[in-house]
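So this first bit is one chain, no partners, the form predicted alone, shown in structure tokens.
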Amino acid sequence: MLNFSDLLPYTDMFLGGLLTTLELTVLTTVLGILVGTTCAAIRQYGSVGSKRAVAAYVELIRNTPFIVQLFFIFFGLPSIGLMLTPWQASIIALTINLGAYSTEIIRAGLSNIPKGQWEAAKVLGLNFRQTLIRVIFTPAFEKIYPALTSQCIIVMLGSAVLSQISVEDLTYAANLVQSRNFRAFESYVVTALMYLGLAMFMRYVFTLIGKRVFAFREAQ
């Protein structure tokens, strides 16, 4: 018989896991988008050699399982003397993963910007950095913003595997709770609902950010 009241003594454990998942998500979202933006700019405007290097990185990450990437960073790198804590390995793995996927998403937005925008920026006297930020990246991000936010949410959901290297996230909390009270069904139902709530919260926050950032374009 189902009994969700047995989970009440473990409320702090669930909330602690949720907070850890949220912290990891916020940090890696910022870092991953920075990596993706940089790599997308290189793929679109860089030299031949740099384009090939970024393309290799993107293909490697997009065509291998995230859990393998995580295990390689946490278990593989120590063999060459690079020791990482579970938290550090998680940040690196999530950032690299989101960076690769966001590279292609952002590059798609950049490729849709007409070349005439560069000429218009030159006429206005804008330098290369100002042109990228004001003329190229802003409209490009507006086009791909929904896809980019969805990818960030997907990465958050994929972070559930971090419990495999003892990161005390939400899934880790669920595993620990059900091992103590043997309420596996109840534990994972609550965990699933918390992930759902976090995903909906992230989408709401991203929507608010998007409306604020792109508001001036809507007014035009």
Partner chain sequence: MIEFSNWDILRNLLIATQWTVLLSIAAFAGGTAVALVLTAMRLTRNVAMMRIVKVYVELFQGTPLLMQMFLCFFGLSMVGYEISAWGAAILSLTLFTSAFLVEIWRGCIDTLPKGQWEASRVLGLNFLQTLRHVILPQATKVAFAPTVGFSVQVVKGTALASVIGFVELTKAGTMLNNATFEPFKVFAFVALIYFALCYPLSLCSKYLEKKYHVAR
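Nothing here was measured: the structure is a model prediction, and the numbers come from that model. Residue numbers count along the first chain shown, from 1.
Omitted here: the form predicted together with the partner chain. The next part is about that form.
Only one of Ser50, Gln44, Asn175, Thr38 lies close to the partner chain in the predicted bound form, with a heavy atom inside 4.5 Å, and it is Asn175.
Annotation: in the predicted bound form, residues Val26, Phe128 and Ala147 none come within 4.5 Å of the partner chain through any heavy atom. Remark: Ser166 does not count among the residues lining the partner chain in the predicted bound form, judged by a heavy atom distance of 4.5 Å or less. A residue is said to contact a partner when one of its heavy atoms sits within 4.5 Å of a partner heavy atom; Arg62 meets this definition for the partner chain in the predicted bound form. Proximity of Val68 to the partner chain in the predicted bound form: non-hydrogen atoms within 4.5 Å are present. Although the partner is absent here, Met200 is a contact residue: one of its heavy atoms lies within 4.5 angstroms of the partner chain in the predicted bound form. Shown without its partner, the chain has Met1, Leu2 in segment 1-30 as residues with a non-hydrogen atom within 4.5 angstroms of the partner chain in the predicted bound form.
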